[in-house]
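Single chain ahead, written as structure tokens, the form predicted on its own.
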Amino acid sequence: MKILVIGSGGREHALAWKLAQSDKIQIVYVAPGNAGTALDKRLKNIPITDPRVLVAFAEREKIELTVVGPDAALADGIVDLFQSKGLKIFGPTKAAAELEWSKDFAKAFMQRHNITTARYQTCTDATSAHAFVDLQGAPIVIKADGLAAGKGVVVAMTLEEAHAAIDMIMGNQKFGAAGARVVIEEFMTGEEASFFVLCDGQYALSFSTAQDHKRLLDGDQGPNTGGMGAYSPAPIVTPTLHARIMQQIVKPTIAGMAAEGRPFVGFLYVGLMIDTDDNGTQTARVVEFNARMGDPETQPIMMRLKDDLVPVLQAAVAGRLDQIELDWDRRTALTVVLASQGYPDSPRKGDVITGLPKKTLEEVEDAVVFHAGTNLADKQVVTAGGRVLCVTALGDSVRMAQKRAYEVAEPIQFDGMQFRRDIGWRAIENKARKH
């Protein structure tokens, strides 16, 4: 069968890489793809980004399943467009994806369905936003209501930072229409984790957990980014807490979306803040919803998934996820993001990348270098975005996976390359504290 993956980042490379391992697959097309997908003989890039042209391509090539990676495509209604032509596509409709593309909608939805989250206020003008911040004090969290490429959230530790964030989002309109409204939330303490489920509209199948590193610099310092690294599974999500999250957050979300006429089909990413109450019991509150897999969390998660992903996604599209069970590698997978000079504010493009593994992906023992922001130019791999490569490795512990990932990353070079040297530090530190 033929499959189409829409997107060009590290998430899409990881999804296409996993799908291509299926013995059911003739070819996996990636639109538009990157240098990594271009160099994989099992994948074929197609230089198409226009949704209507993609529909025509899927009809012409008799694509049996399309998988959507990026949030923007979902928010623009690409799933609705494919479905209107009778094409099978995995991802939520525009109405269902509003859980991600409008933070105000998500917060109000959680209130309606008694899903635990931070207290908040939505403001439609800067004057009321500034007044609310003065009333609440700091620390406080300022979020652009719409999609902002993972950069529309400011965790303000002082009132000055909070007011500057409002001016940036609403005054300077850094994120355009996405910042026409801001959601201002109470600051939540604890440790963040990412909780992923597969959904078929009625049923949710636990997919995996992960933890990512949003800050640019070691020790969780510097500006927020789309993610500088991640590891899976997340040790902080114990089996007891996992069951509670499914029962108290995931199931009410899927049931609520169905009840509101927005059945959710696709990957649901639940960003959580994990803490402990006065009795020492773990608690979980929703930080945000994403209507797709996370990036860079997809990369380690795909490394750990043992099952063929194709029939799993087919079951989700057909509403048969309750018949599926998943088998996971018990090892930890960890990914280190290599970013371009100037990231996250003004990433430089066009720098030549050297030191990439010469072997094929499967021959680099327990490691894969997924491409994110790369292109081919005169047969050379060059930088083409902020997050350039995602070096991902398996290990028997977080520390061992970390060691292997940095070993593979060591020879890779490009001008201005920046990366964190402490991916996985929190899990390693927590384990050391327990022992």
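Since the structure is predicted, the reported quantities are computational estimates derived from the model, not experimental observations. Note that residue numbering follows the sequence shown and begins at 1.
Below, we refer to the form predicted in complex with a small molecule, which is not included among the displayed structures.
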Residue (of V133, V310, V155, I249) lying close to the small molecule in the model of the complex, criterion heavy atoms within 4.5 Å: V155
The unique member of V287, L205, M110, C123 whose heavy atoms fall within 4.5 Å of the small molecule in the model of the complex: V287
Per-stretch contact check against the small molecule in the model of the complex, the hit in 197-205, 183-191, 346-354, 321-329 (non-hydrogen atom, 4.5 angstroms): 183-191
Heavy atom of R262 within 4.5 Å of the small molecule in the model of the complex: no
R304: touches the small molecule in the model of the complex, heavy atom cutoff 4.5 angstroms: no
Non-hydrogen atom contact I236 with the small molecule in the model of the complex at 4.5 angstroms: no
Any non-hydrogen atom of M273 within 4.5 angstroms of the small molecule in the model of the complex: yes
